[in-house]
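For reference, the chain that follows is the form predicted alone, supplied as structure tokens.
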């Protein structure tokens, strides 16, 4: 397992041009190991830029990206070493598929790592299973797959390299609810089975509430908030002020609070709401007896 830490990071789009944008400002953050961490924020808040620093796809203009206490840019010619440690699945990764078959696409990374054919085969089949991709699809062209299947193939291609850290940028974007649930369930199973570190960027508060152990909130290129889901979603008013949505069930609990019901802060899943309503009903019954 690898530890990621960002120290005093500054990043600009279009640096030293008339179109310069200060995309990331004074970023200091350590990613918890062995957990699923969600990164949330409004469009343009810097989420995707941030995760592209983790394995050196982008290089910050100042500050350090540390993996296992090592500055990844100290020896630029060795940057590939960190890209094997931190696997990044970009937004709409299905557009990056290019091989003749799904099998070859998933095998591409492990092959470049110099692994044996036997090891490559084991990794391809294991990664396909983790991504929820049926084995019968491996010999088909990736361009004949559905949108959801393409997404799974792209995720499997990164998993096959067995990175210490798996980073997914909007992995369920554009999928229907069943497809979203399926992909996120597979990601959770992968994280549990290997006890690896997973980082997910998503606009969906419901997905983040259900899936993540901790959250990083981005706002205008800065870290606005960090903490457990309990800690972050208990500050629903602050999130709304930043232009973020909150889980629908949290909105329902807020409405009940406005009606005079003593609702505890930090309810952000349906399961939590059900438990609260059961206890409320029980207390009212006892009061009437």
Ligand SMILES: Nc1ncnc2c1ncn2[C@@H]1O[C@H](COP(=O)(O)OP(=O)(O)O)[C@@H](O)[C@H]1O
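Since we're looking at a predicted model, the values are computed, not measured. Positions refer to the first chain, counted from 1.
Same protein, other form: the form predicted in complex with the named molecule, not shown, and the subject of what follows.
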Check whether residue 250 has any heavy atom within 4.5 Å of a heavy atom of the named molecule in the predicted bound form, and answer yes or no. no
Tell me, yes or no, whether residue 48 is in contact with the named molecule in the predicted bound form, where a contact means a heavy atom of each within 4.5 Å. yes
Distance check, residue 235 to the named molecule in the predicted bound form, heavy atom within 4.5 Å: no
According to a 4.5 angstroms non-hydrogen atom cut-off, is residue 69 in contact with the named molecule in the predicted bound form? no
Note: exactly one of 264, 34, 227, 44 sits with a heavy atom within 4.5 Å of the named molecule in the predicted bound form, namely 44
Using a 4.5 Å heavy atom cut-off, which of 36-44, 255-263, 237-245, 59-67 contacts the named molecule in the predicted bound form? 36-44
The named molecule in the predicted bound form - contacting residues of 9-31, heavy atom within 4.5 Å: 13, 21, 23
